[in-house]
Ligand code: CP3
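Next up: just one chain, as structure tokens, the form predicted on its own.
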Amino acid sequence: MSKIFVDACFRKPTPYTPVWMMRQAGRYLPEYMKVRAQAGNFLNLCHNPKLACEVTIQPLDIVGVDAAILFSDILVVPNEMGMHLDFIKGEGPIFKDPIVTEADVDALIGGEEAASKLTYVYETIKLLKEQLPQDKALIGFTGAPWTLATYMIEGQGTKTYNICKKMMYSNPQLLHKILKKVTEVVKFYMEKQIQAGADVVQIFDSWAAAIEPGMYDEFSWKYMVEIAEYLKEKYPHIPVIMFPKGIPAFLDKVYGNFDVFGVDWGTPLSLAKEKLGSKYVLQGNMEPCRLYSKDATTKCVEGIQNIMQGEGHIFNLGHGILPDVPVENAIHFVSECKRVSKK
């Protein structure tokens, strides 16, 4: 059976423009909170294939999206490379042993060995393939090497990225060594997700905007492209989505063999269409806070439709849905996307 989301990634005709939401399996859903409480904590939920499968499917049943995105976390990768990960309430993810020296990098588990430790992710995907409706796509994902490296070097989330940037400018060789090692793990990680059953994969560069535009290719984009092209060469039937958040100044320089470019809410969709619409399908870019108002949501959805005209586009938010958005507003967003784009 044809999957509308996969068809749209390849610019094939679809009866309407498909829609999904980043972070669609999450805290805005009471059903998710019940399962998370059952798991005990966030990391336990990521490590439990049965429960991770359950929360992955919830948005399809409740909200009506066209694709499920694997429930996991980007930081399971450095965790399985040998870095101790904790999620501290009120603080978020913490690595107690951030990378400081070349010896720290050498001590990390690399390549397929590290990727092979993520068995719980692959088991979740296999369970999902058994339970998902045949017309719904399953999206696997990873963090981009730069975004993963920021956590590995800083030890936690950051607003300034000063430790990473100090390394970038004073010891770029060490930063590149980290990025190369992470890239190799992610290649195998994405490949194993595909082998387990993922229909599409997305690479999130959530902290892309932390790099000045003139250096973005060197320290992030080229590594993302290396992963995408590795996958496209081996699995050309699997769409690859790139989502670098907050880099409108880089749009003129975007290159690489991938299928879909995710447009964040701070980048004008008309600009992205002008620069990239002839080469890549575009995904996004509604401001997530519009979900607080049904009228604001409808206005934005109609505006996006007017720009894209249902061609070469996938509806999504320009970043993740927020925890206090009413579920009925998320349902409204999905139904409006289908209404305005129905052919």
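Start at 1 and count along the sequence shown; that's the residue number. Everything numeric here is computed off the predicted structure, so don't read it as measured data.
The same protein also has a form predicted in complex with the ligand, omitted here; what follows describes it.
The partner is absent here, but in the model of the complex a heavy atom of 74, alone among 251, 167, 225, 74, sits within 4.5 Å of the ligand.
The single contact residue among 34, 27, 279, 299, judged by any heavy atom lying within 4.5 Å of the ligand in the model of the complex, is 27. Only one of 230-238, 176-184, 255-263, 204-212 lies within 4.5 Å of the ligand in the model of the complex by heavy atoms, and it is 204-212. Taking the partner from the other structure, the ligand in the model of the complex has no heavy atom within 4.5 Å of any heavy atom of residue 219. Among heavy atoms of residue 82, none comes within 4.5 Å of the ligand in the model of the complex. Although the partner is absent here, residue 92 sits close enough that one of its heavy atoms falls within 4.5 Å of the ligand in the model of the complex. At least one heavy atom of residue 151 is located within 4.5 Å of the ligand in the model of the complex.
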